[in-house]
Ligand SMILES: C[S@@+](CC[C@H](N)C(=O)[O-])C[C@H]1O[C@@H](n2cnc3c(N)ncnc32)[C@H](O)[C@@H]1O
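As structure tokens, one chain now follows by itself in the form predicted on its own.
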């Protein structure tokens, strides 16, 4: 019998690789802010975030392939984080951690220039116009990312939702961000070697989460967008 949500939620409280910070809005900054390298990972390796990480499959998949980098998955749903955090804990993966908090509190968890790269994988597209500010690639969120990313830091988006991909691309162009790659059909681009940046990073781009596999089985195309955040940092 599989574990229920309450059991999972209780178990992640025992994992040393999970930090539960559900409400930071009116509180002080998290104690590891600016100290992730020194006090948690105990190395100077690049720090990569997966925002809205769900079960943490992408976070773990990246960490398995890149032992020379540190990875942190962020999500507000504790029961979702259980799978990734348990896998990392059971396999003694010292380059993985998870934070349970809202993405809009991200600047209380990470310091200026502390992060090297950000992944946003299959986020809620928030299709209603009135919820545009809640899209994880809206200008509001991109400015938050610019504050925690190192100069020239990279943001990656993988989504099955073409309107979100199209919106995100338009936002990046309006903000004059440097596009590294943009494709409405990732796996076709990989197969045909259409984009140099995608070909170079094909291994990490082909990590598939449970939901991505489900989307592909339904015949949906996977959209991918990657850009540097420099213009927001220089402004």
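All of these numbers come straight from a predicted model, not from anything done at the bench. Positions refer to the first chain, counted from 1.
Heads up, the form predicted together with the ligand isn't pictured, but that's what we're talking about next.
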| query | finding |
| --- | --- |
| Partner proximity in the predicted bound form: residue 46 to the ligand, non-hydrogen atom cutoff 4.5 Å | no |
| Proximity of residue 34 to the ligand in the predicted bound form, heavy atoms at 4.5 Å | no |
| Heavy atom of residue 95 within 4.5 Å of the ligand in the predicted bound form | no |
| Residue contact check: residue 82 to the ligand in the predicted bound form, 4.5 Å heavy atom | no |
| Answer option from 102, 108, 150, 143, heavy atom within 4.5 Å of the ligand in the predicted bound form | 102 |
| Partner-proximal stretch of 198 to 206, 60 to 68, 47 to 55, 166 to 174 relative to the ligand in the predicted bound form, 4.5 angstroms, heavy atom | 47 to 55 |
| All of 117, 227 and 230 with a heavy atom within 4.5 Å of the ligand in the predicted bound form | no |
| Residues of 63 to 100 having any heavy atom within 4.5 Å of the ligand in the predicted bound form, listed in sequence order | 75, 76, 77, 80 |
